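Shown next as structure tokens: one chain only, the form predicted on its own.
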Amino acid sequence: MKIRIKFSKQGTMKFIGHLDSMRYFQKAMRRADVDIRYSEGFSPHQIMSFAAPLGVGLTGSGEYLDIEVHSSDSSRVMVKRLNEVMAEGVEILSFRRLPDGAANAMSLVAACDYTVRLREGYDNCGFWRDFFPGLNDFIQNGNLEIVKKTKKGEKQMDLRPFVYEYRLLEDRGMFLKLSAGSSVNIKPELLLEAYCLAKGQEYQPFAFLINREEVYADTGSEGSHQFTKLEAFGEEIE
């Protein structure tokens, strides 16, 4: 049975990297007595994969991992059992059964929602005071061509086609829906750094609080996006 788990990662847990997060969940599965399936062979391991690793220092409200189990109680019971063994900062939000032929979450990722805010102390001084209105105008009218560093070196790219949605938030922040996944993965830091560079301002990564709100697959036809939450591919276990 394939299972998709949605969880949030907040607070000090944002400093835990991807590999340590995987080890954490492996231990949590054992503590919660989840009947998880193991691989075969000389060194068996839990069958588990994450949709999209979350960068260190970022929080997430809609993170996903897929597992396989031999048997399961109801979704409500499994959410309760897992939350009872979670550390502070991690909360299980849903536990849903996937169709047998469902693709794993990692292969589906096409876009992510982010909210970006300024850390306290930055929002009322100098350049940062009007940062988000300026960023909004930059995305709309500015030059979004950047040099992106990849494993194979550096390449010139235009971010504009991969910014699917953006808007100012009432509490002096910004919402971004950006391309994600194996084909074109755009992190919000790329936009923030490009804007700072265009304004002649040094980019300060610790000035920002970035939260990944949701992860999507693209179920639209060619040339037409239709973003669907990864959670929607599963169904509650009664």
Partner chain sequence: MRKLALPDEILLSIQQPARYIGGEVNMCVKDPESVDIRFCMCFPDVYEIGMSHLGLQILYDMFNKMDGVYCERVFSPWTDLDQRMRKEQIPLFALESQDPVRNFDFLGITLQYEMCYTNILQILELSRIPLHSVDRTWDDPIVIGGGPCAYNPEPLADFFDLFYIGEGETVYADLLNTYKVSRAGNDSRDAFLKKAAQIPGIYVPSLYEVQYNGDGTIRSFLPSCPEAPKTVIRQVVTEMTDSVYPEKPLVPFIKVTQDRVVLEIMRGCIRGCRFCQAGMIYRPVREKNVERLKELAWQMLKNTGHEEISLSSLSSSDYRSLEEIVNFLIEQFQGKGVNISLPSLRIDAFSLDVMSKVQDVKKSSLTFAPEAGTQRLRDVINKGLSEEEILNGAFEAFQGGWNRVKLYFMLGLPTETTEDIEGIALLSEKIAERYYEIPKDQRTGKVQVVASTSFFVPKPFTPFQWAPMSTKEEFLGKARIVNHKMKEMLNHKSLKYNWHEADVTVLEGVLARGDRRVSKVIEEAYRNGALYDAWSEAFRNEIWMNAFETCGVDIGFYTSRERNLDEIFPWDFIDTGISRDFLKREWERARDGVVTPNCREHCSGCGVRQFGGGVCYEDTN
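Computed from a predicted structure; not experimentally measured. Numbering follows the first chain given and starts at 1.
Just so you know, the form predicted together with its partner chain exists too; it's not on screen, but the next bit is about it.
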Subject >> Proximity to its partner chain in the model of the complex, single hit among Val56, Leu169, Leu197, Val184 (heavy atom within 4.5 Å) >> reply: Val56
Original post:
Does every residue of Phe15, Arg23 and Arg31 put a non-hydrogen atom within 4.5 angstroms of its partner chain in the model of the complex?
Top reply: yes
Original post:
For the chain seen here without its partner, which of 31 to 39, 60 to 68, 186 to 194, 172 to 180 has a heavy atom within 4.5 Å of its partner chain in the model of the complex?
Top reply: 31 to 39
Original post:
Do Arg119 and its partner chain share at least one heavy atom pair within 4.5 Å in the model of the complex?
Top reply: yes
**OP:** Spell out, yes or no, whether the shortest heavy atom distance between Glu88 and its partner chain in the model of the complex is within 4.5 Å.
**Re:** yes
Subject >> 4.5 angstroms heavy atom contact with its partner chain in the model of the complex for Gly11 >> reply: yes
Subject >> Neighbours of its partner chain in the model of the complex among 204 to 219 [non-hydrogen atom within 4.5 angstroms] >> reply: Phe206
